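Let's start with one chain on its own, the form predicted alone, as structure tokens.
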Amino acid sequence: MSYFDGKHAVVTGGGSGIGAAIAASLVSAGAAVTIMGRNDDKLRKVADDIGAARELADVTDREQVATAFASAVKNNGCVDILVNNAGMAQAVPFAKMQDELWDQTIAVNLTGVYNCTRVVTESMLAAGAGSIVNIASTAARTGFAYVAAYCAAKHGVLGLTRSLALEFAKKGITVNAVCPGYTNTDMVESAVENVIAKTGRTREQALAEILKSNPQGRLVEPEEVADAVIWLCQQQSVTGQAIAVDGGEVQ
């Protein structure tokens, strides 16, 4: 039997990119998977493709989160694995940042992790087992210009990860973070388009500028991030860690 047989995993932001790859890997490993997100069309397509359940929810809305998790538990049982993947990023000079962008970035990337983690904590503590994996970023481990809100939120995610890992260390629950570098997703494609729009560079030039930070000179693939998540879920002695999947970008 697979380690994941009989386990229920929830992946937020599971309708595309890294979240979809993680969900697919968990299904392949034998878990019952529920993907969550705000776009029902994307969720439906991924869920149908990989054989997962889906729940519509905005992670910043606590009522929606509570309803979605209650439905997921009703359909697939208590949550054994939570992957907090939902996120957003937008580059803007700090002096030009609107308050709304700051609030939204913190709400999605940090408070959303709190909201979802808070919902599963009681049942995991009662079971004396559980795995929580937070998809952070290299921006959780170092600063980057023009994404101050994103860096602040992801640093917060890493702080929350480390704190909960200590709090739950004797409770059978592991809490870790995976910190991808630039990954081959729609988010990076948006970053490329932003560089093109602001600098007039070609797509190749814009992508090359982004890839300068990666010593391997390439984008990380979503499946590589998923591999790290699958590994972490199975490790009982690994907790409170920030696993970089970034081609050596951040040492």
Ligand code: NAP
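What you are looking at is a predicted structure, and each value in this text was computed from that prediction instead of being measured. For every residue, the number given is its place in the sequence shown, counted from 1.
Another form exists, predicted together with this ligand; not displayed. Remarks below refer to it.
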- Please check if A31 has a heavy atom lying within 4.5 Å of any heavy atom of this ligand in the predicted complex. no
- Indicate whether this ligand has at least one heavy atom within 4.5 Å of a heavy atom of I135 in the predicted complex. yes
- Message: Is it the case that E63, even though its partner is missing from this view, gets within 4.5 Å of this ligand in the predicted complex, heavy atoms only?
- Response: no
- At the 4.5 Å heavy atom threshold, is T185 in contact with this ligand in the predicted complex? yes
- Query: Looking at 158 to 166, 86 to 94, 67 to 75, 125 to 133, which lies within 4.5 angstroms of this ligand in the predicted complex, counting heavy atoms?
  - Reply: 86 to 94
- Though the partner is not shown here, which residues of 27 to 51 have a heavy atom within 4.5 Å of this ligand in the predicted complex? G37, R38, N39, K42
